[in-house]
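Here's a solo chain for you in structure tokens, the form predicted alone.
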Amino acid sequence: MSASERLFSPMRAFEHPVTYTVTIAVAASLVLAPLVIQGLAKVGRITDARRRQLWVRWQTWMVMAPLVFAPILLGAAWTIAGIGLLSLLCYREYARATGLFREKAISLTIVLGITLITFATLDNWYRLFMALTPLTIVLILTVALLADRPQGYIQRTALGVLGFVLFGHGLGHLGHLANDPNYRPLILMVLVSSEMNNIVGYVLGKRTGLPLLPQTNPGKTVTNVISGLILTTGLVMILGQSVFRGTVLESWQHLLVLGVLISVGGQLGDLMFSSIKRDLGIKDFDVTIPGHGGLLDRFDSIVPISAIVFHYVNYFVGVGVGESVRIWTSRG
């Protein structure tokens, strides 16, 4: 597959069986969801308040699902651009919640860093991608220093560095997976398995099991963590056999480890951002998504998972092996 075909062509979008199966399964789930919600309400398994909440979430997913799937199916360039935009929007919510948006110079530096990481990903320039994190951190520290306000310097720079590491460096790894010729099934596996963690936690809720960290997230119980671990790992082992066919990662041992890492990483992402919200005294980062809160409330678990999956896959089989590198910067 040529670089231009991988970046811009949707012609082979459904070539891989995992891409086709996941897309059909998600579409079918969205079609059947209203029937399931109505059925549960009629037999008294859910309250009216719960039914209304589920209905709002379903309506939201009817909009969100196409927005998530369309870039992935259209081509790697659209996927990378979409993830870059998601990174910027998540940082915006974080900056507004923490008050960092008032530090214009620091925020502009972080936006510049995220933009450059998106470009390095689109260019498939891995060395620049990795170099941008320490360089941007140094730039954040320098820009904050130039304001000549030593009071609060640690807090401002710490918030800035954390924001960039989470949304520039962290989510950037998800975008870099799009440089792999097998990126569609790989990214969809990551997204679907991450959502499995969230669904299990939401379905079980706070009514079953002992709270894991009651002060951080009272709804996160030992029961739903273990259930999410089992179901998510099982899903990764099923999908991963096809995603990694013909490689060392096809073995059940590797898929078991990868499934556990994705599940644990997703739970840690949820808890990390829950802790940030508790520290700030807020329930949600925003109200962008009805029934979910903000984008960051919806995609928090993806942040640590992205780097975990990228480096695990890259260590054992490589990401984008054989693909063109420095697609744009090496021309001429």
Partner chain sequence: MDDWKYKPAGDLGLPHHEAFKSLKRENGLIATALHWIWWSFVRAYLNLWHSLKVEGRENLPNDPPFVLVANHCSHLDALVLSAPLDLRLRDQIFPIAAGDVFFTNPAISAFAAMMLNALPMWRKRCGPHALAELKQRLIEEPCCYILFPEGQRSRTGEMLPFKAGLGMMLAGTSVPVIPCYLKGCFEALRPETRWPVRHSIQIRIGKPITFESVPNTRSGWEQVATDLQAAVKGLGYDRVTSANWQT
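Remember, it's a predicted structure, so these values are computed and weren't measured experimentally. Numbering follows the first chain given and starts at 1.
Keep in mind that the form predicted in complex with the partner chain is missing from the display, and what follows is about it.
The partner chain in the predicted complex comes within 4.5 Å of no heavy atom belonging to residue 126. Although the partner is absent here, residue 116 lies well away from the partner chain in the predicted complex, with no heavy atom inside 4.5 Å. In the predicted complex, residue 169 stays away from the partner chain, with no heavy atom inside 4.5 Å. Of the heavy atoms in residue 156, some are within 4.5 Å of the partner chain in the predicted complex.
Taken together, the three residues 5, 13 and 242 lack any non-hydrogen atom within 4.5 angstroms of the partner chain in the predicted complex. In summary, among the residues 40, 70, 30, 287, the only one with a non-hydrogen atom within 4.5 Å of the partner chain in the predicted complex is 287. Checked against the partner chain in the predicted complex, the residues 108, 248, 147, 226 give one hit for a heavy atom within 4.5 Å, which is 108.
The stretch in contact with the partner chain in the predicted complex, judged by heavy atoms within 4.5 Å, is 276 to 284, chosen from 261 to 269, 298 to 306, 52 to 60, 276 to 284.
Residues are counted as partner-facing when one of their heavy atoms sits within 4.5 Å of the partner chain in the predicted complex; in 83 to 98 these are 92, 96, 97, 98, in sequence order.
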